[in-house]
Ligand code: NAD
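Just one chain is shown here, as structure tokens, and it is the form predicted alone.
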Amino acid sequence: MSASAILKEPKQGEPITMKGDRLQVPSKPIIPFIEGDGIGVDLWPASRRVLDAAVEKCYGKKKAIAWYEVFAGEKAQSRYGADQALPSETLDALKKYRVSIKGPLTTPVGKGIRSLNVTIRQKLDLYACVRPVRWFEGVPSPVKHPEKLNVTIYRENTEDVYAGIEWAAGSHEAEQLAAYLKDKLNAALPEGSAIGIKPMSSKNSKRLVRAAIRHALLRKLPSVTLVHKGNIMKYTEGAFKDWGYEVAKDEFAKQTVTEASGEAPNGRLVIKDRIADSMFQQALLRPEEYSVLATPNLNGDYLSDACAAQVGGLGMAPGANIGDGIGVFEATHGTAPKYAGQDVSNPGSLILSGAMMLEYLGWTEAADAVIKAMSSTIKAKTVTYDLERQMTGAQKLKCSEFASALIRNL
């Protein structure tokens, strides 16, 4: 079936373009969205209402979003065929229109299709997974002082073990590679091993750290911390650390200083590094000492979810995948299919990701309005069931009702 029979581009609106290294955002940009699997059917309509209301509240009729539905996951398979979970037309639209937003997508464990999230990141070269983690007053937390954690994690998105270079135990490919490693490189493996390869490159590590440093400088934050396991994986994770310091020295020498050099001059951004397991402890014991974390792929995956747990869980954790002149904003949690269509799930992650998207567009007033509305709505203890069951005296709202409460509080 042709794309024209499935995708319906909006009749109004204009594409976002690039001029140099800057986005050129029209007053009515066309923004693709992927509803998502499972609870996406509930989360997206609620989120869309809030984002539209915030834009109208701040700009009246001067600005608006022309939403454009494209398909991935189960919804794509129902339209394109069982083997088309991520149609080329969807990737083309995400690339053409530059800024998009998506709900959660299902990824089978141990079999079936590869992660659609990972595939989107790799196909569009969205090399930075950006996860701001902060606490909203009133959100239940397992730690005593969740307010001390306010960190943005920049996770490298395209390589490390997520490059997907692996072979099953007992496969011909795994046996061939094991034999080569033993015969040519004197690296014997346990018999019958599954094998995965962990590529990490100077180019991709440096551009991730560069983006993290620019983020910190733009927002006048005190530090960027390189998180790695270089004490064990010296030529991959250790190199990530070294390449990160090289970026700071070669490209931001007048604006940065290393932690090892002692007291930071006024206004200088401090570049430091931590071993990954130590960083997990630091996030719990001394979170106020960290503002931006730059990490390889796997470390960032673990760390971003662990930090989110300290401030209330993934239901309140926004995320974005950013490349050069292109961004896909997303809910960071799973699809929770047993709750799909029940109008009970928390849309907070997707709404806050939408706020990140508005900020990325340069529509900071609307982004700030969403954040403030989220804060006041939670502080008033008007929340969805996942938070209500942990809060004394809270009022339980449906997903759609929570969106309505946010809109009232804009």
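What you see is a predicted model; the values in this text were computed from it and never measured. All residue numbers are counted from 1 along the displayed sequence.
Not pictured, yet referred to below: the form predicted together with the ligand.
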Within 4.5 Å, heavy atoms only, one stretch in 343-351, 65-73, 25-33, 373-381 touches the ligand in the predicted bound form. Which?
343-351
Consider S193 of the chain shown here, and say whether it contacts the ligand in the predicted bound form, taking contact as heavy atoms within 4.5 Å.
no
Considering only heavy atoms, tell me if K241 and the ligand come within 4.5 Å of each other in the predicted bound form.
no
T256, heavy atom within 4.5 angstroms of the ligand in the predicted bound form:
no
Can you tell me if G334 lies within 4.5 angstroms of the ligand in the predicted bound form, counting non-hydrogen atoms only?
yes
Counting any non-hydrogen atom inside 4.5 Å, which residue from N117, S304, T90, T225 sits next to the ligand in the predicted bound form?
N117
Answer key: of Y80, Y339, Y245, W167, within 4.5 Å of the ligand in the predicted bound form (heavy atoms) is Y339
Is every one of E137, E359 and N409 within 4.5 Å of the ligand in the predicted bound form, counting heavy atoms?
no
For the heavy atom contacts within 4.5 Å of the ligand in the predicted bound form, list the residues of 39-54 involved, in sequence order.
I39, L43
